[in-house]
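Take a look at this single chain, the form predicted alone, given in structure tokens.
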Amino acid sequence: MLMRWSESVIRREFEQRFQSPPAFVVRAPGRVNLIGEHTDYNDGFVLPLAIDRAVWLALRPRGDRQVLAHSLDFTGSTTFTLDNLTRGNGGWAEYVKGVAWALQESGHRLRGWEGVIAGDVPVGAGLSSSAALELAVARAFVAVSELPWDMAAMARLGQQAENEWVGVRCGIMDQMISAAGRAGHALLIDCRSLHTEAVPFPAGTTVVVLDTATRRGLVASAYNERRRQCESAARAFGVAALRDVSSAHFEAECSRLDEITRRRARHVVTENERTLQAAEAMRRGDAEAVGRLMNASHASLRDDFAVSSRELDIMVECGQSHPACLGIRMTGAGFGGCAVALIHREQTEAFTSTVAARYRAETGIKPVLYVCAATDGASVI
């Protein structure tokens, strides 16, 4: 299990390495998405929350344009100059360089820094450890370079770093929720306009993330293929993105698509509608309705979008069989990673222990379950 980090711990680690206190400590959270999967890069709607697991970065400015970052999680360091950014062989350091590149491409004049990075967002679990790292690095550069902090603009630059430097064609959701999360709320995000609305959780509920302990390599996975299929479907409908297709429009004209593309598009069209319905249900405190929509989302991701896995399906079945569970679905890009459940808070302990035991009995894999609280987005501590 990953070490839980805190401001005091990351400060101490910095002082041990650099023999002085850090000038800044920044924190950027991971996220879990309640509903709205594979809709973000289709200009659609998502309903994530920033979770109480994050990437921490303690740092101090340098007098030159060198960056020296040490990762406690990967026990390695990277050093580069802002005047000569070149791609390396992958790994966490490319996210740091990618953010620097994106900031400079947008016209920002950056100052160098040296710091220590650590995180407790599980890597590859679908909880957006990469976006948390990107937004922590962006927060760091903004702090030392005395730049304005614009949440939406910085989220866009984090996405640009991942798309164009790292090579993952992710949508905007992960970076936006890491930048703009609000404690105690999910955030309904319009991925076209980046308009956000904080939506409160129904009374008496809590969120549990269920890590199947299976992992996928996102760059090498079918993620980019799914995105191409969605773009093809949008062209067939004559719209900019599948966000612009209603269920009625889809049913009237979907026969022009091949079977696979039709299924991919049907998921996105119906998922956008489910996400808006879930936000409305949360506003009126209807936890049961939110749960039903989450269950339907998983079925669509499994059957139409084909991004689930055996382990994810088993985890969802284990969760649905427990009376505390209002709804459960896979979350993240898929092919492994985590599920997310909305449950009755007073039965949290019974739910986590029973579901973990049943999943392990059926798969032989020991899962990790996290009871999550919604937190604020990236900030200087």
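In this text the structure is predicted, and so the values were computed from the model without any measurement. Residue indices: 1-based, along the sequence shown.
Not on display, but discussed next: the form predicted together with ligand GLA.
Engineer: Which residue, 95, 113, 223, 101, has a heavy atom that falls within 4.5 Å of ligand GLA in the predicted bound form?
Structural biologist: Selected option: 223.
Engineer: Note which of 179, 125, 173, 233 lies within 4.5 Å of ligand GLA in the predicted bound form, where distance is taken over heavy atoms; exactly one does.
Structural biologist: It is 173.
Engineer: Although ligand GLA is absent from this view, report whether residue 40 comes within 4.5 Å of it in the predicted bound form, heavy atoms only.
Structural biologist: Yes, residue 40 sits close enough to ligand GLA in the predicted bound form that at least one of its heavy atoms falls within 4.5 Å.
Engineer: Please check if residue 29 has a heavy atom lying within 4.5 Å of any heavy atom of ligand GLA in the predicted bound form.
Structural biologist: Result no; residue 29 lies far from ligand GLA in the predicted bound form.
Engineer: Is there a heavy atom of residue 332 lying 4.5 Å or less from a heavy atom of ligand GLA in the predicted bound form?
Structural biologist: Within the cut-off, so yes.
Engineer: Would you point out which of 315-323, 336-344, 32-40, 54-62 contains residues with a non-hydrogen atom within 4.5 Å of ligand GLA in the predicted bound form?
Structural biologist: So the stretch in question is 32-40.
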